[in-house]
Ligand code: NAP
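A single chain comes next, written as structure tokens; it is the form predicted alone.
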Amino acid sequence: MSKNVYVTPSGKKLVTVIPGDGVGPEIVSCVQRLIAAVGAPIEWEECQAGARVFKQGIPSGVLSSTIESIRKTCVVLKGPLETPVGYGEKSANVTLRKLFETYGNIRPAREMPGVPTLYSGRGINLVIVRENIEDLYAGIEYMQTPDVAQGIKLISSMGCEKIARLAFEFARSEGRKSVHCATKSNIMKLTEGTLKSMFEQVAKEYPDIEASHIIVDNCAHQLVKKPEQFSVIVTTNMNGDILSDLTSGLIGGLGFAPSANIGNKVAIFEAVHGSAPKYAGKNVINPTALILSGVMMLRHLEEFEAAESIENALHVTLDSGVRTRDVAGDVGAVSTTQFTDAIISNLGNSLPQWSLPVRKPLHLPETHLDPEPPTDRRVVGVDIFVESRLNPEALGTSIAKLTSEAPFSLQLISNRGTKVYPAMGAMTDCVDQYRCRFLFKKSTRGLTDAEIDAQIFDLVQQVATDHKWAHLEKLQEFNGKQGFTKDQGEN
């Protein structure tokens, strides 16, 4: 049993349950009924988050009592939450994931019996393991100029190591034999490239599992063309968000897409779909996604027999033709509660052709590939982002003149990542944000950080004489390796 599980005096495992918004309470009730019917020793502590909390004027959408409950139980079953228009700024879903460092999002996609799709009979059985904290989803954005927005893509070695290890450990726990790492490292060599590099380092510690790298757009192509070739795919946050929705489409839609948000202390289990308010209270929603999320929760709690019993009964129910309206349509569909009743009646039954693998407890890995601090680092220049409506030649001539006496040389000016000054014949439509790259004329070795910063600030003041600046980035080298990329057209 996970060391973070809270056991009540009666010997039951305490779980924080958040009914959620819209159809949330209906599908959460289904899962609770199934877990009670199978006899799993679970006790619930009900808490609130989402719309009703936002409407109380709490900007995070999460009550302090809910946070305290999760800190105690370390396990959450959660219905979908919404952020109603006019209330709050951040998603309560994202807030919960970040508050408890649930760094890994696990999204299985397995063909379901009795659910017809274009891929029926292909044996799809794969899992997306998505980094859940970093990347563009850190939500750090700025309007640098009136016309140009900037989003910061943050990727850390620690975050990449954690998600890579989780992918391999999850593969081991389910007896899976391969892990693909999907990145866009051919273009984003520093950010996406960090995951590729860390994946390849971590893979050496898992010789029993085949490790492969794949470019993410090819991965999407291959998922549509031949999805059965994949078992586990690990990827960055935004790539994972997109690919996991794609894979749910292969097996029948979001109604069959469970997920687990895994951290080293807290785990949050939820359906992927939204709160579907137009169906709330109508008893028509498909609860399968949250039921399978509950199955994942039971495995996390090492209640393997109960988890297998519910999943087998679900398969028998679907195979018998008992389906909700999203699969059956308006004719012959059963209600949410009728679907749950049918699963309960099928507990103890199974389909031999849909046998489940023998699962082992998931080992939550600790990171230990601490990057060595560089033995040699130096600042070699600075990028100054400026706002200007001038054409590149006029801007370059002006800035070169303003900074002619500075200890820097103006190497180039780019617009949207393409070098536009000195002119190289590019046919580039320019916007009002330019990046001006300056390199020190002489080595900065022997200068203190304060002395280097003073020279950079002097340079900014010189540029600011005639131009608005918005952003600075130091150009650094670590152990002789450039810590920055070149522009398109830069040699």
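We number the residues from 1 along the sequence you see. Since the structure is predicted, the reported quantities are computational estimates derived from the model, not experimental observations.
One more form of this protein exists, namely the form predicted in complex with the named molecule; it is left out here, but the text below deals with it.
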Checklist outcome for this item: Only one of 134-142, 156-164, 319-327, 367-375 has residues with a heavy atom within 4.5 Å of the named molecule in the model of the complex, and that stretch is 319-327
Checklist entry - Within a 4.5 Å heavy atom cut-off, is residue 81 in contact with the named molecule in the model of the complex? => result yes
Item to check | Close approach of residue 258 to the named molecule in the model of the complex, 4.5 Å, heavy atom | outcome: no
Checklist entry - in the model of the complex, does residue 304 have a heavy atom within 4.5 Å of the named molecule? => result no
Next on the checklist: Does any part of residue 226 reach within 4.5 Å of the named molecule in the model of the complex? Heavy atoms only, please.
Outcome noted: no
Checklist entry - in the model of the complex, do 125, 168 and 243 all reach within 4.5 Å of the named molecule through at least one heavy atom apiece? => result no
Checklist entry - Among the candidate residues 202, 297, 285, 179, which is the single one with a non-hydrogen atom no more than 4.5 Å from the named molecule in the model of the complex? => result 285
Checklist entry - Among 274, 361, 193, 417, which has any heavy atom within 4.5 Å of the named molecule in the model of the complex? => result 274
Checklist entry - Mind listing which residues of 90-107 have a heavy atom within 4.5 Å of the named molecule in the model of the complex? => result 93, 97
